[in-house]
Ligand SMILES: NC(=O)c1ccc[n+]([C@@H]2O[C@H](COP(=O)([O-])OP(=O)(O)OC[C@H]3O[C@@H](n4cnc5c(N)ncnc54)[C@H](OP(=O)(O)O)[C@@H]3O)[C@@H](O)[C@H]2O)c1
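Just one chain is shown here, as structure tokens, and it is the form predicted on its own.
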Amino acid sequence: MTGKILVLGASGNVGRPLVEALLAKGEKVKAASRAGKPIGGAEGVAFDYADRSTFSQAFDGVDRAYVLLPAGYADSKGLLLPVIEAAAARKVKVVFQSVFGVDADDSIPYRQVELALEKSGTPYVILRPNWFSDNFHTFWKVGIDHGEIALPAGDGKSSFIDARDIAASAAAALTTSAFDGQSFNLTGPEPLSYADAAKILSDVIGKPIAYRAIDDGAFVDILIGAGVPEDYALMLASIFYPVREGWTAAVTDAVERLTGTPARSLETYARDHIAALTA
């Protein structure tokens, strides 16, 4: 593998540390984003999932690609399938960031994208990360600022995973063929409820944070009130159902198998991001 690696969503929570990890390994990287600006020494390229005219330049000179759909998009299948098709047509290896648990039902849009990739004939690795630890300083930061995280998660537990561990896993999958044709469910080291997580965050930042379980309707109303489009708010509410049912509590050793290093704990995440959590 001597070509460049295309990283979609290169300015995001996973994309940025992935670009850094690949550059540290001596790889040539094309960092794709809407703005198309260079990131950390990587070549910048403009990319828009909804504009296929941007695909050709992005894939030019590339033999591997990290494909993910950034937050904010509801039509995962409609936007991702053309990207998978473009990569497969060029025989570009795809490491695809999917979603934890979608292999349980082939009717789930993300699973349908996985199946299309598996049947495409191009080399692939599928990564299915659980809920991100990083959500606490991004999506749930307003709640932390006000001392209460309100979510429709019930008492369900999740094995939260640090975005840096997702990036490290992706870097491993992109720089060897040893994992080709495989799928990995990526998790942190332990299952935690949101009440558990709130306690850990409280202890680390020295500020009381509570968790309040709310229903889907209240959650959707909060999101819409904050300016989130209704279709995306409804999609976000729907993905808490597996949390309430206990399906996101599983723990795997996939991060260590891919990277040789155990996954970070939520406490480690919090200590490393204390500035962002308290800003």
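All residue numbers are counted from 1 along the displayed sequence. Predicted model only: the values in this text are computed from it and were never measured.
Form predicted together with this ligand: not shown, discussed below.
Participant: Could you tell me which of 27-35, 248-256, 220-228, 57-65 sits within 4.5 Å of this ligand in the model of the complex, going by non-hydrogen atoms?
Facilitator: Contact-bearing stretch, as computed: 27-35.
Participant: Hey, in the model of the complex, does F132 get a heavy atom within 4.5 angstroms of this ligand?
Facilitator: Result yes; F132 sits at the interface with this ligand in the model of the complex.
Participant: Residue-level question: is T268 within 4.5 Å of this ligand in the model of the complex, judged on heavy atoms?
Facilitator: Close contact is absent here: in the model of the complex, T268 is far from this ligand, nothing within 4.5 Å, heavy atoms only.
Participant: Mark P242 yes when one of its heavy atoms lies within 4.5 Å of a heavy atom of this ligand in the model of the complex, and no otherwise.
Facilitator: Outside the cut-off, so no.
Participant: Indicate whether this ligand has at least one heavy atom within 4.5 Å of a heavy atom of A42 in the model of the complex.
Facilitator: Looking in the model of the complex, residue contacts with this ligand do not include A42, since no heavy atom lies within 4.5 Å.
Participant: Quick one: V14, A71 and S98 and this ligand in the model of the complex, is every residue within 4.5 Å by at least one heavy atom?
Facilitator: All of them do, each having a heavy atom within 4.5 Å of the partner.
Participant: Heavy atoms within 4.5 Å of this ligand in the model of the complex is the criterion; list the residues of 36-50 that meet it.
Facilitator: Contacting residues: F47, D48, Y49.
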